[in-house]
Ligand code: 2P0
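Single chain ahead, written as structure tokens, the form predicted alone.
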């Protein structure tokens, strides 16, 4: 981690209480972006080029326990993590921002994911959000969610939104120091809104989101139009959520996702996360909609498809997609 990141964290933690406990715990939901985050204006502080908007995935997410040890030990879904893996290196580097050598220089992190890791289902978002919540609990910082979202952002940009259940938005901000780029909840509960997950593969992505994002920004000629397009979609989606305008909501989210992937495919070399099954399911959704079923889709940086529909159409959607996993993001149970 850079000195810029260390100074950023130091400024946030000056307002903290700095208590100390034996263990810390954190739970965070995964989220899917409805207006996508794709591109950074500052890679050190993970500042986005456009604001984004998401919905949480109920009980899908991450539970994390952390305690201080002489050296780092990571356990993911019950299995020790090889310290030489990119996953362990990224996690250890992030924890460098929060080490206190006078207490213990290392951390034991025990994480359980209820969503496939690195398969385009936002596992890093819930992972870093849960880790920051666990650190907050361990150290007794007692920080508000807005500041925690800034810390989580350093680990994974999308993690800033996983501090919240339901709809959330992450503001791009304008300041160079990153203090106005944070996430917050959108205070709208859409009780009959449903998400359907079509998991086509749980395999790790061949190109991670960070590398793919950088390649797209640097080489795709189509990217020049993306930030302005995303800013328009962000505003349209916020209004549609406020008024529960499902048709506008679904059409905008689907178009935003497909434009992001089209922009990636014009990168050099082309970046295509879709599988043949992905394209088949996109065609199926669009055909059903043409036949009168109000169902839309979104796809993050991966091949798996998420359907957007309303509770009244659950039976029809289930009949069309028998393997669908349906999530009620505003139900009583959350990650």
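Quick caveat, the model's predicted, so the values are computed rather than measured. Positions refer to the first chain, counted from 1.
Quick note: we don't show the form predicted together with the named molecule, though the next part is all about it.
Annotation: in the predicted bound form, residues 196, 282 and 317 none come within 4.5 Å of the named molecule through any heavy atom. With the partner omitted here, the stretch from 22-30, 286-294, 57-65, 35-43 that lies within 4.5 Å of the named molecule by heavy atoms in the predicted bound form is 35-43. In the predicted bound form, at least one heavy atom of residue 155 sits within 4.5 Å of the named molecule. Proximity of residue 111 to the named molecule in the predicted bound form falls outside the 4.5 Å heavy atom cutoff.
By the criterion of a heavy atom within 4.5 Å, residue 216 is excluded from the residues contacting the named molecule in the predicted bound form. Though the partner is left out of this view, residue 260 does reach within 4.5 Å of the named molecule in the predicted bound form, counting heavy atoms only. Comment: the named molecule is not present in this chain, but in the predicted bound form one of 90, 99, 265, 238 has a heavy atom within 4.5 Å of it, namely 90. Checking 220, 252, 209, 165 for any heavy atom within 4.5 Å of the named molecule in the predicted bound form turns up a single hit: 209.
Contacts to the named molecule in the predicted bound form (heavy atom within 4.5 Å) from stretch 301-315: 301 only.
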